[in-house]
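Before any questions on binding or motion, here is one chain by itself as structure tokens, the form predicted on its own.
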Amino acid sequence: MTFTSAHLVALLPIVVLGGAAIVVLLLAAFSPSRRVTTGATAIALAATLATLPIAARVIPLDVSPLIRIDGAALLYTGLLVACTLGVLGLSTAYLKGLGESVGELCILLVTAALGAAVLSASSHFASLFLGIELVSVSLFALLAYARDEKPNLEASLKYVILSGVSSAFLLFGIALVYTELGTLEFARIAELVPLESASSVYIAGGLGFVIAGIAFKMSLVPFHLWTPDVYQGAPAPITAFLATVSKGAVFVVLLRYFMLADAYAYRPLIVALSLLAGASMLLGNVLALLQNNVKRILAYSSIAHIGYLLVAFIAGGAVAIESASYYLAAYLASSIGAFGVVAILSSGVEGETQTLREYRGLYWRRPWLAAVFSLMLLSLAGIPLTMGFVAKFYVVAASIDASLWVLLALVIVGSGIGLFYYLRVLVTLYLEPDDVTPDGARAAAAPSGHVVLAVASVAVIWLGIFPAQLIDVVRALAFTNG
């Protein structure tokens, strides 16, 4: 294949991120000012977003057998890079309070964003695995970034061990698929697996192992056991990254595989994903009811939301892509905002602000943070005039369109249970503070953290009232696969 200027233009977002990783590495090593490193990282991520319209001029384009740049790849890359930029802002505020250097964290965030961009454009199992490992290896260090905090080290160790196991499952599944078909290209798999031979032991086993590996990364039940402990122990901004960019990138590559490999025709795979989605929605919401730790509540909530996201995905067709894309955007914005409040409240204090008792009366002490947290909880609950409501509506519409009645019932039941524990946290914010309620970290929060919260809040409200603006973008980009 001849590499032309059009291929280079299509690859611009990935090229910029790759170059940024090298530049940030050199700045972190030799620049005495950490502000320079942070500023360069923010500029690099913003530049990546700026290259997306340029790359859109030449799509769709197969840059190589590993990478396909199309509208969907650019759309999801934009969402994930924007979330990374938000996590950078939250991390600056958080690490300033702890007295930690932000330079090495910038390197890790950029390399993780690079892995997410690779996943967003993957059309081959090799690039899929490369992207997942780029994100995962960066997370190993990010989770333990506050070296003096034992919960951080414990969270990192748990994730390293279990992530290694999931990667082994993923590799073994890829090997079985290659043994049967002799190819790892998504599009070629669709050509080589006619329906009558789709019951091959190698294909069934291989795809089963692949789904198990991906289910771990997305923390779907029963592969979710690591999630609450890691969320609780990790630094709050990194928890935000894990809940948004890490999960979102893996979901995107799963969606791309199904679209390019026509995997919707393989019914056993759909059944397996339906069981995972149903169990995640039900168990995630039920277990969240039992928690008194805000980060663990949000952890189980994220498990349930990935289940909702899978329901829209399982429905198939154009409505599925539209609903899944909007739901992903709503989940990313709401989660960044919710974990952002936790990060700012945890800045500069000994131990993070996590228990419900510590959030009691937050409105009377920090009205801005209480208002943002309330908005994000209402969005996650699916209350009207927020992105979460439109997202839930889309999931219900996609379920009805595909006649997924059992999953629809679980969506309704799960949403009802979720409303209860979201309101439980919400009410706590407005109670009168008691004598032992901590005052929070007023002086430690950097302005960048509040800017992130403001942007997330505007997005949740504006796109909740005027969803057509995002929907039009999804229709223009996500359906231009050529």
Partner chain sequence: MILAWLIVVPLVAGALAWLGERQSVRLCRWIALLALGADLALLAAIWLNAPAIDPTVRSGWLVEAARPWIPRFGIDFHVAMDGLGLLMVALTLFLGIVAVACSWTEIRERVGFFHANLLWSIAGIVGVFVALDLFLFFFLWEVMLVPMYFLIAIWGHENRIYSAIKFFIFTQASSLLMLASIVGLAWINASATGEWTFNYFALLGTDLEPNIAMWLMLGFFIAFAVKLPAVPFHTWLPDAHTDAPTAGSIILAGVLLKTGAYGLIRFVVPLFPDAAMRIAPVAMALAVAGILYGAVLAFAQVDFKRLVAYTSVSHLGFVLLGIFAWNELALQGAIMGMIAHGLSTGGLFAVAGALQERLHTRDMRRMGGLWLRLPRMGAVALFFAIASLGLPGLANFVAEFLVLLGSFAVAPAAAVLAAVGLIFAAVYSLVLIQRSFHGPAKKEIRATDFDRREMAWSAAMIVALVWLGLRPQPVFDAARPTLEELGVPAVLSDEGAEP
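This is a predicted model, so every value here is computed, not measured. Residue numbers count along the first chain shown, from 1.
Note that the form predicted in complex with its partner chain isn't included here; everything after this is about it.
Taking the partner from elsewhere, Ile465 is found to have a heavy atom lying within 4.5 Å of its partner chain in the predicted complex. Residue contact check for Ser457: none of its heavy atoms lie within 4.5 Å of its partner chain in the predicted complex. Though the partner is left out of this view, Glu432 does reach within 4.5 Å of its partner chain in the predicted complex, counting heavy atoms only. In the predicted complex, its partner chain lies within 4.5 Å of some heavy atom of Tyr394. Listed residues Val137, Ile383, Met259, Val102 were compared with its partner chain in the predicted complex; Ile383 is the one with a heavy atom within 4.5 Å. Proximity to its partner chain in the predicted complex, taken as a non-hydrogen atom within 4.5 angstroms, holds for one residue of Leu275, Leu153, Ile400, Ala175, which is Ile400.
Taken together, the three residues Leu408, Ser415 and Leu426 all come within 4.5 Å of its partner chain in the predicted complex, as judged by their closest heavy atom. With its partner chain left out of view, the stretch that reaches within 4.5 Å of it through heavy atoms in the predicted complex is, among 296-304, 375-383, 70-78, 247-255, 375-383.
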